[in-house]
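Only one chain is given next, in structure tokens, and it is the form predicted on its own.
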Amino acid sequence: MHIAIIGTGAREHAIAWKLSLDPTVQLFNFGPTHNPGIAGLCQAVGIGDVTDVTAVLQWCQEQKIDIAWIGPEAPLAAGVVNALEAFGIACIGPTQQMARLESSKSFTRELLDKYEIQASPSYRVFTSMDGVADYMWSLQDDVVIKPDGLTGGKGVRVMGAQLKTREDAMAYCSELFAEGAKRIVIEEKLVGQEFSLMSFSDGKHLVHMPAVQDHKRAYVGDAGPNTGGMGSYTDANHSLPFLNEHDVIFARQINEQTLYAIQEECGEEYKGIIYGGFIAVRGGVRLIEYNARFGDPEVMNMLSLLKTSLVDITKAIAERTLDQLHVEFAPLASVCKYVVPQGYPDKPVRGEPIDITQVDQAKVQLFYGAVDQTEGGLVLTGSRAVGLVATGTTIAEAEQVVEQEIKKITGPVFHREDIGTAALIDERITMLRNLRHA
């Protein structure tokens, strides 16, 4: 079987690594850059724009691809799945219409309303500045401004963080419309603790993965600008230390209800990953947003814990037989941390060497992101460079291993030392406990 991985980030390296553990398949990769980690696992590598539907289709046909894993969100939104499936190539990823779950925030909010899924904050969709001021001032608390389309995880702005006042929020709305935005979503700011819950879907059945917490802010203590994600962790019980049993059950139910709703709305089967970004608040759990693919860095935690063959899961999704497969995750904790270039995310250094040769890869799993292999070694290309993951019987055990190894990486890079530490986790437990018992 020929399996293609579309995309060349650390997420795609993790998918390729897990698939490569099964010797019965041959792997191929198509993406915008040459990822040395992925290339070493593949029979052939194609370089090109993953949103160029014709180029992706032609390459997959040339390589006689049977199934394609679509890694990033952009090719899903561009309709790559539609094109590949029209020519008989099965895809792990939803069609363009169903990928609106991620590519249009207003579509998702309105979908949940239509199907009476009680998970959204107070919100309103705007197509111009008409009514923005009145609505914003009607919300007693702070607001969140969300551009409707894909922004690489960096377009959302929050009062109290990137926006200091309502006047700042108004100015950002004006800026978005001036830059050509057709729709924006304004929501009440939710206060609580965020977590992700991803599920495999074959269009008929869902298999839920462990809950995981990502860390978006660049610096220690959740300071600095938002990023694509600096690291993430899971607990051995597949929940998180600050969540209760009802939080996880509710998040799973929302994924199930949303899967039904979008399939009913679009008249198609949703095959791939449905990824709910949730927040535990005073009154329970609310949905922040949906993604239509694996999270990055969360995928590195998930696949490090996955005991079932990812090739078997891939086949089961393609054949709609996920209910016949026992999907198992190891009862271990995991911690992932990224090293990123100095200046990331706003002004990252590029072209500088990074040395990972001292890392003990018997202790951690290492995934390449934005790096390039040159004659002199690896060099930074401007985004998250390398992800390191360790598992352990406790979060503390896994965190200590990752921290020990990530410090061995040299070059103009930094990482968040506090991800997975007892101090940061205790802070989250205390914050949510106080919120819920206030």
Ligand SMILES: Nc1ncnc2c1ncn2[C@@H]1O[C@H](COP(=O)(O)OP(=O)(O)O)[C@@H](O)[C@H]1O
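All residue numbers refer to positions in the sequence shown, first residue = 1. What you see is a predicted model; the values in this text were computed from it and never measured.
Note that the form predicted in complex with this ligand isn't included here; everything after this is about it.
Participant: Just one of 235-243, 187-195, 362-370, 79-87 has residues with a heavy atom within 4.5 Å of this ligand in the predicted bound form, so point it out.
Facilitator: So the stretch in question is 187-195.
Participant: Is it the case in the predicted bound form that 215, 229 and 417 each bring at least one heavy atom within 4.5 Å of this ligand?
Facilitator: Not a single listed residue reaches this ligand in the predicted bound form, so no.
Participant: Find the only residue in 311, 132, 156, 259 having a heavy atom within 4.5 Å of this ligand in the predicted bound form.
Facilitator: Exactly one listed residue reaches within 4.5 Å, namely 156.
Participant: Quick one: from 222, 265, 110, 289, grab the residue that has a heavy atom within 4.5 Å of this ligand in the predicted bound form.
Facilitator: Looking at 222, 265, 110, 289 one by one, just 289 meets the 4.5 Å heavy-atom criterion.
Participant: Though only this chain appears here, would residue 271 touch this ligand in the predicted bound form if you measure heavy atom gaps against 4.5 Å?
Facilitator: Result no; residue 271 lies far from this ligand in the predicted bound form.
Participant: Would residue 121 sit within 4.5 Å of this ligand in the predicted bound form, counting heavy atoms only?
Facilitator: Yes, contact at 4.5 Å.
Participant: Do residue 105 and this ligand come within 4.5 Å of each other in the predicted bound form, heavy atoms counted?
Facilitator: Yes, residue 105 sits close enough to this ligand in the predicted bound form that at least one of its heavy atoms falls within 4.5 Å.
Participant: With a cut-off of 4.5 Å between heavy atoms, is residue 144 one of the residues that contacts this ligand in the predicted bound form?
Facilitator: Within the cut-off, so yes.
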